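One chain is shown next in structure tokens, namely the form predicted alone.
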Amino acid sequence: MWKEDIEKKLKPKKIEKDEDLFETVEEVFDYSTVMALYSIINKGIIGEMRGVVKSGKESRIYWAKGNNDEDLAVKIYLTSSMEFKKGILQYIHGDPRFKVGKNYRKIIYTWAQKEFKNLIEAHSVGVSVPKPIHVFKNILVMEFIGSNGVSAPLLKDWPFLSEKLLNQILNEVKKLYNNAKLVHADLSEYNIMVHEGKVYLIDFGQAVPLTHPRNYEFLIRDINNILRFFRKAGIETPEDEVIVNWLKN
């Protein structure tokens, strides 16, 4: 489709090395996204794309290798999901760090930048999140959580739920709130990973700073979602208000 144009613009060794990449992304993403991906490859951030790990309405996540053979997760936001646009604006409006217009592609670029910045702020203060590595347009590169291209299980699929695990999650929420000055704003069993006994909070595009007018509402919702999930597994927890007050202190 676009192979001839791309070959003219990129270093020949990269085209040869990543020949299979066309089969992986060309049928899913537009020309601009493919070119952005090759730009990242030519910067030496990605050495090799390995395959799709997760495919959703909003994005696709690929397992990749860095030039030092480190495992990477490459998250590519789709630029054609209008339902996604409607859902994300509430998290951008009110966040003084970002401004967006009406151009959908630019909104998605802003979303990728927002997730990258949120991960940087969380990671820098020791919150357990994937290490952010690079962002360009609608592509985010970060640490891969898992082994040999297999993603770590989500909390919803983790069979060993315990009060200790719940406290570990709440402690990360507390660090995110008190140290990073952020609220995840969409926390649930669907965006927490468990790997080698450690929890990782993921999917940070919607996270908002404490200056956001709805930050406290989002915090309450995050905590209630986690408590509800553990209650279904028979793990009783303190009242919601107690935990919220504990997080604020």
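Computed from a predicted model, the values in this text were never measured in an experiment. Throughout, we count residues from 1 along the sequence that is shown.
What comes next is about the form predicted in complex with a small molecule, which does not appear here.
Asks: Look at the candidate spot formed by 161, 173 and 230 and say whether the small molecule comes within 4.5 Å of a heavy atom in all three of them in the predicted complex.
Replies: Per the other structure, none of 161, 173 and 230 touch the small molecule.
Asks: If you check 219, 46, 193, 182 against the small molecule in the predicted complex, which one has a heavy atom within 4.5 Å?
Replies: Selected residue: 193.
Asks: Work out which of 135, 73, 107, 166 lies within 4.5 Å of the small molecule in the predicted complex, going by heavy atoms.
Replies: Checking each option against the small molecule in the predicted complex, the one that comes within 4.5 Å is 73.
Asks: Given that the partner is absent here, does residue 202 sit within 4.5 Å of the small molecule in the predicted complex, heavy atoms only?
Replies: Yes, residue 202 sits close enough to the small molecule in the predicted complex that at least one of its heavy atoms falls within 4.5 Å.
Asks: Give a yes or no for residue 113: in the predicted complex, does one of its heavy atoms lie within 4.5 Å of a heavy atom belonging to the small molecule?
Replies: Close contact is absent here: in the predicted complex, residue 113 is far from the small molecule, nothing within 4.5 Å, heavy atoms only.
Asks: Residue 143 near the small molecule in the predicted complex, any heavy atom under 4.5 Å?
Replies: Output for residue 143 is yes: heavy atoms within 4.5 Å of the small molecule.
Asks: Indicate whether the small molecule has at least one heavy atom within 4.5 Å of a heavy atom of residue 40 in the predicted complex.
Replies: No, residue 40 stays farther than 4.5 Å from the small molecule in the predicted complex.
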